[in-house]
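Quick heads-up: it's one chain on its own, the form predicted alone, in structure tokens.
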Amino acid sequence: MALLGLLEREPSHGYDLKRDYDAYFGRGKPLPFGQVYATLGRLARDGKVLVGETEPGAGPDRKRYVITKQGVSEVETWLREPVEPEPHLQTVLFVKVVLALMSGRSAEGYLDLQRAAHLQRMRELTALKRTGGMVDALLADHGLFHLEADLRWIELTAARLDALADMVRA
């Protein structure tokens, strides 16, 4: 949907779409070229984009992709739909705590390690906020808020470990 939304602005080559995706959405995880072209192929197959004429470029020949009315309609529908609220009730953090307790391992040690990892990531995101632009700052804030919620859960769970251990071992 992100590629389709980027195409709604203007017809583009796959290379340009990858560049724009990475600039706005690919922080820390750039989109592979193969995924761009595979996605564009599916969008064309499904009638959401049209593939223009092949144009010569500095490297290999390029195809310009144009969004169709069906593609615009799909973007509009997608933008109106809310994202499913996170987090899911069954998180990896919770599963690890319960399995550690079931097996007699130290869930407290795991929670301590997870807390340290979260705090390290929060320091990285805080540094990004100070040095990055507006997009980086907003994405860092989003990540920080999620990490803060995880840290509150870690503290609450650590305080309830004995009761949870009694329950899962029964």
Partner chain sequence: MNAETVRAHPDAPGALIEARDVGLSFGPTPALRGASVAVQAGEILAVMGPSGSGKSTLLHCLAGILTPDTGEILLAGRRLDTMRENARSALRRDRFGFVFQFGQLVGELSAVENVALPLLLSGTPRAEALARARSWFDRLDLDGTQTRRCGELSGGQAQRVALARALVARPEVLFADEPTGALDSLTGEHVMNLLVSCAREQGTTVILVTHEPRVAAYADREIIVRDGTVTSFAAAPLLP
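Numbering follows the first chain given and starts at 1. A quick note: this is a predicted structure, and the numbers were derived from the prediction, not measured. The term rigid core refers to the maximal set of C-alpha atoms that superpose within 1.5 Å between the two forms.
This protein has a second form, the form predicted together with the partner chain, left out of what is shown; the following refers to that one.
None of the heavy atoms of R64 is located within 4.5 Å of the partner chain in the predicted complex.
Using a 4.5 angstroms threshold between heavy atoms, S103 counts as touching the partner chain in the predicted complex. Taking the partner from the other structure, the partner chain in the predicted complex has a heavy atom within 4.5 Å of a heavy atom of Y110.
At the 4.5 Å threshold, heavy atoms of D22 stay clear of the partner chain in the predicted complex, well away from it.
Figure note: of the listed segments 124-132, 40-48, 66-74, 27-35, the one touching the partner chain in the predicted complex, with heavy atoms no more than 4.5 Å away, is 124-132. Residues E148, L151 are the ones in 147-168 with at least one heavy atom within 4.5 Å of the partner chain in the predicted complex, listed in sequence order. Once both forms are fitted on their rigid core, the CA atom of D162 lies 2 Å or more apart between this form and the one not shown. Once you line up the core between this form and the one not shown, the Cα of D150 ends up 2 Å or more from where it was. With the core held fixed between this form and the one not shown, K129 has its Cα displaced by under 2 Å.
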